[in-house]
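Single chain ahead, by itself, as structure tokens, in the form predicted alone.
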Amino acid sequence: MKPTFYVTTPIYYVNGAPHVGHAYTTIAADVMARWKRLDGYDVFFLTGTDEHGQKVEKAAADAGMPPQLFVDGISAQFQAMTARMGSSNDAFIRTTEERHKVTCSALWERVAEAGDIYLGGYEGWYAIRDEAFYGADELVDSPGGKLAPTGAPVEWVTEPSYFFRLAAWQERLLAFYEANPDFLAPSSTRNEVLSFVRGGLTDLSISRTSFTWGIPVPGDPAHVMYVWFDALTNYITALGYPAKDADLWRFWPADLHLVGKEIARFHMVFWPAFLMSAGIAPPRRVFANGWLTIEGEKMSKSVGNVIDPMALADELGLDAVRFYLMREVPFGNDGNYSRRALIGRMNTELANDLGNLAQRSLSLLAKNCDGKLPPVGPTTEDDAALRAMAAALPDALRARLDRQAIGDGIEEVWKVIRAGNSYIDKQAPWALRKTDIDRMGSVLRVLADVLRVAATVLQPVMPDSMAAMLDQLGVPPDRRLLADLATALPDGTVLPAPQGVFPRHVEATA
């Protein structure tokens, strides 16, 4: 039986159209899912939209639309973005689905049965934009009033509310973090969360009565659930909870939640506490990525610098965009999108480095070896060194992707590609054709085998381009897993006519 792996994106909030920041996290989750499938895992990959809350109710009213109609339109945009980014998600969940309401009610009842929910009255600072409560010590004074740490305006809220006994979970959460050091990542976020919990937790308001666009509290429909109690629960709704005999429940606990750092607290503090209260194991790891700026500036509709990832993929090619985002921005840190850097990566690393190596090697094979894979000949020291670098790639990427260091993993591949370009220049198979045709064949076979490894491990990042390259290398579609690299392709394998995979991009001039 295959080992399981469950990865999720954040549950995207439907307060606007998807942008390149959403695409970035979706692509990262997709890379993780594809990598694990490549490595022989049974994978479940979930993404979706978070559609309840006061902010959505207000936005729908401002648009003159019923809330359901409003969220239907925006969720459809996220589904289109997910598909256009080449995402291999197994499911797309919406928090307005009936099955999700059933799951939320079941979780609420389990937590209530555990004695962790009580009815009280709430007074405190609430940010509608963040759908979050903040302590007075977290607020910043501004000319327009008090602001949350995120810059969102806050208002004083007084209303009856159900509370979750979060304060009672402080020591149990700290013990959980200590026993599971990989749960909080990266280290910068881990330190912030530990400091927050050690600073003392207060009970959490988990219902509202001032609006109605939400899931009713079981037994008290005057209250709707706090949007984060609702939203977080999506990760178990998709697996069939509360029916723990559901086929998909085998994927719980989740192996990896990918989230933005602005929602790390909800996933790293509230979510494990809710789950443990209900007798459910917490996820194994939550990884918070940073923010993406655009040409060095914060993304903003008012500035007009919001990047549409679908338009970008249409213009420059999906795999080039996927490669750039995973290569350029160290996952977990803040990063910057730059068109110049994207085109630079396309032309330097994709067209010049990988594309040129593949095109030169495949063209020489087509011209000098009758378009067939030559036999492995006597191995020289240079041959052995390059083969060893390539053979080490699966383990090297496995170690890096297990800690979500996707860019570092790509760099390991590029070390091999750069070495391959040095090798072909040094061996000069075009010259060997005149002096030692057997050695020429051996050199080209080394290059073909090394390219096969590189293209195989790069499939999660650039699935379409690497499929095309593996086609040209004569690798059958059913022999493209990591485990298949242990078996060499047969001598004489017929290779299709070579075609360039990565054309250079030239910017249009005015």
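Everything numeric here is computed off the predicted structure, so don't read it as measured data. The first residue of the sequence shown is number 1, and the count goes up from there.
Separately, the form predicted in complex with a small molecule exists; it is not shown, and the next lines address it.
Judged against the small molecule in the predicted complex with a 4.5 angstroms heavy atom cut-off, the residues 228, 260 and 292 are in contact without exception.
None of 62 to 70, 438 to 446, 24 to 32, 453 to 461 except one has non-hydrogen atoms within 4.5 angstroms of the small molecule in the predicted complex; the exception is 24 to 32. Residue contact check for residue 235: one or more of its heavy atoms lie within 4.5 Å of the small molecule in the predicted complex. Interface membership of residue 299, defined by any non-hydrogen atom within 4.5 Å of the small molecule in the predicted complex, is confirmed. When the small molecule is considered in the predicted complex, residue 10 lines it closely, a heavy atom lying within 4.5 Å.
Although the partner is absent from this view, residue 322 stays clear of the small molecule in the predicted complex, with no non-hydrogen atom inside 4.5 angstroms.
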